[in-house]
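Taking the form predicted on its own, here's one chain by itself in structure tokens.
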């Protein structure tokens, strides 16, 4: 009689599952594993370390599960030992408690080390600061040093640490450039700090990683990394050719809408601080000064 089936279908399901797991690695959009800066490299190494340590538990457990099912299956002639009075083994208990404790300890040490390291500039180069405001549904970038502003894109010099100072003038969101580092929340009335750096020129996709309404899917931006001389030329070009960002124009930007990339040659000096303060930031600063 012809075999139909179940084993054949199980094979198809198994190999399809394996392909679904492996094929994303063939895409150039699998950007999380293509780090382009020291922060992303640190996080990438931690991901790899975590995967290896977890595999030390998961793979043996799955292997033992298959072995036990086959070895102790109730079938005629099975010579597997039957020990109904067996209760415990000190050696086995030390193994299955000791290995997870050791793995958690190793992960804890590396987590604390890397978490504190990522709160500091990734290299000793002189950093620049970019203030970021998440809006409905767009991203605004302010350059305090050069006094220019952009919307839905920002440019940075390669090899230079960038401190992103983040806030929101809309529902909270999450700022994420996967190839440069992990995400950080943007919250009204609060300032969050994130160090990133690009070591090679390129255009890196960024996105809002926290749902904020019907326009959320379009809330993407790009980080353009270029050599320092080209970055300085870009700043001069924006200052010379772009319009100014006025308070009236910002009041239009803050309304829910989807816009293309924009550049501005200047913006009101107190714009960023006013955005933080009007959402409760003045109370947040006061409380932190008292503590």
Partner chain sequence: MFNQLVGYLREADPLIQMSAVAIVFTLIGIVAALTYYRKWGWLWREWITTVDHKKIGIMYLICALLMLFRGGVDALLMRTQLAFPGMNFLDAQHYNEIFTTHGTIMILFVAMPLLFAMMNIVVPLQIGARDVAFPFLNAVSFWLFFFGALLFNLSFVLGGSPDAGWVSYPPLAELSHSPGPGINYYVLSLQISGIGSIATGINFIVTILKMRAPGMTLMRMPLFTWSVLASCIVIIFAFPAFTVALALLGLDRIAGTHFFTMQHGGNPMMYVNLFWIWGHPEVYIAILPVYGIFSEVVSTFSRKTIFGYKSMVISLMLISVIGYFVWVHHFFTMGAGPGVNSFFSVASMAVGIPTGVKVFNWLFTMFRGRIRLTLPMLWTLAFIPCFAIGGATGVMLAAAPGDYQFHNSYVVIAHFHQTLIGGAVFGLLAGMYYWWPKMFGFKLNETLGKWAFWFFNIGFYVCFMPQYALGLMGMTRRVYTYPAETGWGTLNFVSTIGAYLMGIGFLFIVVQVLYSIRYGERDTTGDPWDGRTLEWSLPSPVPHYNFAQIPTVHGRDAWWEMKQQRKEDSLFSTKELKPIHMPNNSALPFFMGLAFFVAGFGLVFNQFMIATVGLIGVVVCMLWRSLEKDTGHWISVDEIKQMEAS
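Positions refer to the first chain, counted from 1. These numbers come from a predicted model, not from an experiment.
The same protein has a further form, the form predicted in complex with its partner chain, not shown here; the description that follows concerns it.
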Single option in 244, 224, 47, 259 placed near its partner chain in the predicted bound form, where near means a heavy atom within 4.5 Å
47
Which one of these stretches, 47 to 55, 245 to 253, 262 to 270, 228 to 236, sits within 4.5 Å of its partner chain in the predicted bound form when only heavy atoms are counted?
47 to 55
With a 4.5 Å heavy atom cut-off, would you call residue 61 a contact of its partner chain in the predicted bound form?
yes
So in the predicted bound form, does residue 124 come within 4.5 Å of its partner chain, heavy atom to heavy atom?
no
Taking heavy atoms only, is residue 159 within 4.5 angstroms of its partner chain in the predicted bound form?
no
Its partner chain contact at residue 176 in the predicted bound form, heavy atom, 4.5 Å
yes
Is any part of 200 to 235 within 4.5 angstroms of its partner chain in the predicted bound form by a non-hydrogen atom, and which residues would that be?
207, 208, 209, 210, 211, 212, 213, 214, 216, 217, 218
